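Only one chain is shown below, in structure tokens, and it's the form predicted alone.
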């Protein structure tokens, strides 16, 4: 049997919640171990003093892409069963900008704020409260914004489809981009005096 396991019925809805919970606990643990429960470390990336977040995220993207490529090639994973969300271009651009502004001003993204709350950081508690207020606000305003939220529907898009290139070629290009990004991140950190001071 080829993965994805949930899609093929290897476990049901209840078991999938348990799996998601355990993965979330593990993800949060490693985020904290990497220092990503610190607003200072997270915002240092916007000053190019510490680009660890960039490196970790790009490494995760490349690892997932390489894993799917090779597992698909080996017949272990049926790539047609891997969920790809629909692209709503305009609302996703606006949402990304709002998330970026919130990240820059508040010092956290939603995931890292939960990690920081779990370790007792008060600023993260306020940030997470703001996140819930935002969810409530969009729920109340949904009838007014629903049309925009479903606008510019481009369907299910992937980079190979958009670039009209084979999956393997896209993987190779993304790996090259990552290597260039890692080199550039190191150069920026060296030019701007290295990483920022650690929290006391």
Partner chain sequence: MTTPSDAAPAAVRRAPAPYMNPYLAGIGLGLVLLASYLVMGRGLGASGAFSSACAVAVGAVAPAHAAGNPFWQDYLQAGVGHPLKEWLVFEVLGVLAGGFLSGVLARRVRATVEKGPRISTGGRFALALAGGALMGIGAKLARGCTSGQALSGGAVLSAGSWAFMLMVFAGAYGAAWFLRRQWR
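Keep in mind the model is a prediction, meaning the values are calculated, not measured. Numbering follows the first chain given and starts at 1.
The next section is about a form of this same protein that is not shown, the form predicted in complex with the partner chain.
Mapping the unseen interface onto this chain, residue 126 counts among the residues with a heavy atom inside 4.5 Å of the partner chain in the model of the complex.
The closest non-hydrogen atom of residue 101 lies within 4.5 Å of the partner chain in the model of the complex. When contacts are judged by a 4.5 Å heavy atom cut-off, residue 59 counts as touching the partner chain in the model of the complex. Heavy atoms of residue 17 reach within 4.5 Å of the partner chain in the model of the complex, making it an interface residue.
Along 135 to 173, a non-hydrogen atom within 4.5 Å of the partner chain in the model of the complex is carried by 135, 136, 138, 139, 140, 142, 143, 146, 148, 149, 150, 157, 158, 159, 160, 162, 167, 170, 171, in order along the sequence.
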